[in-house]
Every structure is written in structure tokens, then in C-alpha cells.
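Here we start with a single chain on its own, the form predicted alone, put down as C-alpha cells.
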């Protein structure tokens, strides 16, 4: 592990929030801070908050036994594309999990998750790869979440909810609890607006806002 290097891919706001989580997690396993980098395709600085910033090519060429990244990019579609680029270059993935995250029974989370401080995931939850749960978000029992789903801060996802790939759930949104065999479904690529209260299924690709949440009417 000491010969590996680790990167937070994305050096903008969210990446800078994720780095302290990554640093604490890795240093507790004996990884020194100088083996932890920001990775950015258009770096504006050579160093941020005490960590060297490398472009992807530099990160791949840096001497190491293995290279690992976590993708700190909010857009799930971009995360998926970057994941493909990383895999093609032999870069592996790790999950960033804050030390106060609560994970209960039978929680299955795919590779490359970011679980920010004060996140709670309760029991019997299945989550795909590349999941982001920002601060103070929770996922309750019997939820199924797809790949590259993003929770902004303080998302309340109640029990028996299905969220399909690439959905984005805005800050403070509340997803009503579904029923066993009849879950609340958020479709692929749907966007739930900030503070929305979702009481009905949301079709794929639709943006909903308000309380109760309704499709966004674009002028």
C-alpha cells in the first residue's frame, strides 16, 4: 500500500471537500500525505491545500505500484466517462468514506463511492458504483440505487425507493417512502430540484421541483 498513489479526481469545490476525508482515511492505513494527489484535466495550480495537483497523464506516469482514484465530479455522466478513461489506463478505484458515516446491516455499495461526513445508510440497501452522498444525506431501508447517482447535501431518501442510474437529487430534497413491492421510482437521469418533496414516481430524464414535486415548466 505504501508504494501506491491515490488521487482525488477533480480539484474544484467538491474535490477540495473530499480531500480531507481521503487524507484521514488513507493516513489511518499508513499512507503518507505525499502519496495523495489532486488529479485535474485542466489544473489551475500546482498545489492545493498542501497536495500536489497532477494532470491525468502525469498521474498515470507517476512511479507507483498501483494507482487509485475517487471521482469527485458531481455530474454522473462525466463520472462514468472518466471511469472508463481510468480503467483503460489501469487506474483503479477506491471509496472515500468519512469516519463518522453510519452504515447499518446488509449494505452493499459499489466501487468508487464518496460518503461525506454525517451520511447515514441504514439496513438492506443496495447501491451501484460511483455513488455520491454529500453531507447529512441519508438512505433508509430497502432502497436500490443505480450507478453514478448523486445526492447533494441533506437529501432524505426514505425506505423502499428505487433510484435509477445517473439521477441527481438536489440539496434538501425529500423522497417519500415507498411500499414493499411498490417502491417510489426515480427514473434514469432524472433531476430532483433543491428542496423538492417527491411523492410520485419520476420518469427518466425529467426534472421536478417544488412541494409536491412537479415537472419543471421551461419558458
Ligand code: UDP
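Positions refer to the first chain, counted from 1. As the structure is a prediction and not an experimental result, all values here were calculated from the model.
Heads up, the form predicted together with uridine-5'-diphosphate (UDP) isn't pictured, but that's what we're talking about next.
Student: Counting only non-hydrogen atoms, which stretch in 70-78, 139-147, 107-115, 86-94 is within 4.5 Å of uridine-5'-diphosphate (UDP) in the model of the complex?
Tutor: After filtering at 4.5 Å, what remains is 70-78.
Student: For residue 199, is any heavy atom within 4.5 Å of uridine-5'-diphosphate (UDP) in the model of the complex, or not?
Tutor: Outside the cut-off, so no.
Student: Using a 4.5 angstroms cut-off on non-hydrogen atoms, would residue 40 count as touching uridine-5'-diphosphate (UDP) in the model of the complex?
Tutor: Contact check for residue 40: yes, within 4.5 Å of uridine-5'-diphosphate (UDP) in the model of the complex.
Student: Is there a heavy atom of residue 82 lying 4.5 Å or less from a heavy atom of uridine-5'-diphosphate (UDP) in the model of the complex?
Tutor: Contact check for residue 82: yes, within 4.5 Å of uridine-5'-diphosphate (UDP) in the model of the complex.
Student: Any chance residue 19 has a heavy atom within 4.5 Å of uridine-5'-diphosphate (UDP) in the model of the complex?
Tutor: Flag for residue 19 set to no.
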